[in-house]
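The chain below stands alone and is given in structure tokens; this is the form predicted alone.
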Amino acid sequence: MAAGGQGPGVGNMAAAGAGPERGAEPPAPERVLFPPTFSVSEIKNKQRRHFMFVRWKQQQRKEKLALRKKRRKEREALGDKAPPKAVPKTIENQRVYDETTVDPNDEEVAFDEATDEFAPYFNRQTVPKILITTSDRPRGRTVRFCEQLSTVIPNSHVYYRRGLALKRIIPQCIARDFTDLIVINEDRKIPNGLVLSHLPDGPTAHFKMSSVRLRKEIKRKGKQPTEHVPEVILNNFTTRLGHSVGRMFASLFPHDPQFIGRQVATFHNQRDYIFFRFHRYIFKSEKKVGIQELGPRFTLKLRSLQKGTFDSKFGEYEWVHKRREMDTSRRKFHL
């Protein structure tokens, strides 16, 4: 009985005082459960939501900058053995191939350009003379825009329309040896359209105009432009249609720019939007150049290209922009 009665007591005491054996792993701590991740947009308070979004953007910017510094150090350490930089994917370099993309060595393109309506200008047989006019009874902002545009394009004259049809203006322009006609349209006192007609045989292009900024609205602008003939830059007009539009813009300016004026007019095509800028530049050193924007600035979007001079009823159109049929892909461009 002593053995039988002692057994359970001794066993319990041994179990209580034994503790963990040597070499046994300690018990794992309890796992902390965090709330599930949520989107910033789920925050109901507007100010708190904006604060969290700004902080998230700042954190992303810091991480991106740290990664860029790390890669730069790795490239400096590897030296010549560093791998080439990866080209970022953009809509421009992922562009859908256009069959009408111009090859500079194409004989057919060279023949067409030698016989088109702009050939006399590029052969130096004509001197540009531009008439700038407006829609019927223009308002103040459109008037000021036309005046500033005339200081950009040499040998241009501004006349304001009052009840005179465009079909009656064109024969008068041809009789007075004008080579181009520019019509600035407006809606609600804001310029919203531009018609460019090459005389006497066309073609005529209709553009939608947006983002118009006059000189006084441009920050850090330079002084008034001088009367020197500016240089012209036509950038990224790659297709046959783009070449035609680029040649129209080029024919507005005289052949020989006056480099002493250090002024340049730029027509930059990006995703079928044509951005116009007018700058003055100065060489600070062999590697650094300073520029000042003189204004005005605006953006154009081609709507149609018509053969011959302006004729809204019986004109034959070479190209018309139809959004539902043509804008099927964000990576397809026409200019």
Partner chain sequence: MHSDDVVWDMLGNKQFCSYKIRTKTQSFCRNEYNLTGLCNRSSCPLANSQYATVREEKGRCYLYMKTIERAPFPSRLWERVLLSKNYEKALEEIDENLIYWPRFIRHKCKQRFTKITQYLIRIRKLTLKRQRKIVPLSRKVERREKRREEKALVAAQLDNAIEKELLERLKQDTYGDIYNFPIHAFDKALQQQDAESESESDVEKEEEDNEEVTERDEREFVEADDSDISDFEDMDKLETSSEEEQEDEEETEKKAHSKSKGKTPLKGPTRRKRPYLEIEYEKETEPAAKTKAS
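Since the model is a prediction, treat every value here as computed from it, not as a measurement. Positions refer to the first chain, counted from 1.
The same protein also has a form predicted in complex with its partner chain, omitted here; what follows describes it.
- Proximity of Gly163 to its partner chain in the predicted bound form falls within the 4.5 Å heavy atom cutoff.
- Although the partner is absent from this view, Val109 stays clear of its partner chain in the predicted bound form, with no non-hydrogen atom inside 4.5 angstroms.
- Contact annotation for Tyr273: at least one heavy atom lies within 4.5 Å of its partner chain in the predicted bound form.
- Contact check for Gln306: every heavy atom lies farther than 4.5 Å from its partner chain in the predicted bound form.
- Residue in contact with its partner chain in the predicted bound form (any heavy atom within 4.5 Å), chosen from Lys44, Lys62, Arg68, Lys287: Lys287.
- Among the residues Arg176, Arg75, Arg139, Lys208, the one placing a heavy atom within 4.5 Å of its partner chain in the predicted bound form is Lys208.
- If you check its partner chain in the predicted bound form, you find no heavy atom from any of Thr133, Thr151 and His157 within 4.5 Å.
- This chain is displayed without its partner chain, yet in the predicted bound form the stretch 230-238 from 143-151, 76-84, 230-238, 243-251 comes within 4.5 Å of it by heavy atoms.
- Contacts with its partner chain in the predicted bound form, taken as any heavy atom within 4.5 Å, map within 319-335 to Arg323, Asp327, Arg330.
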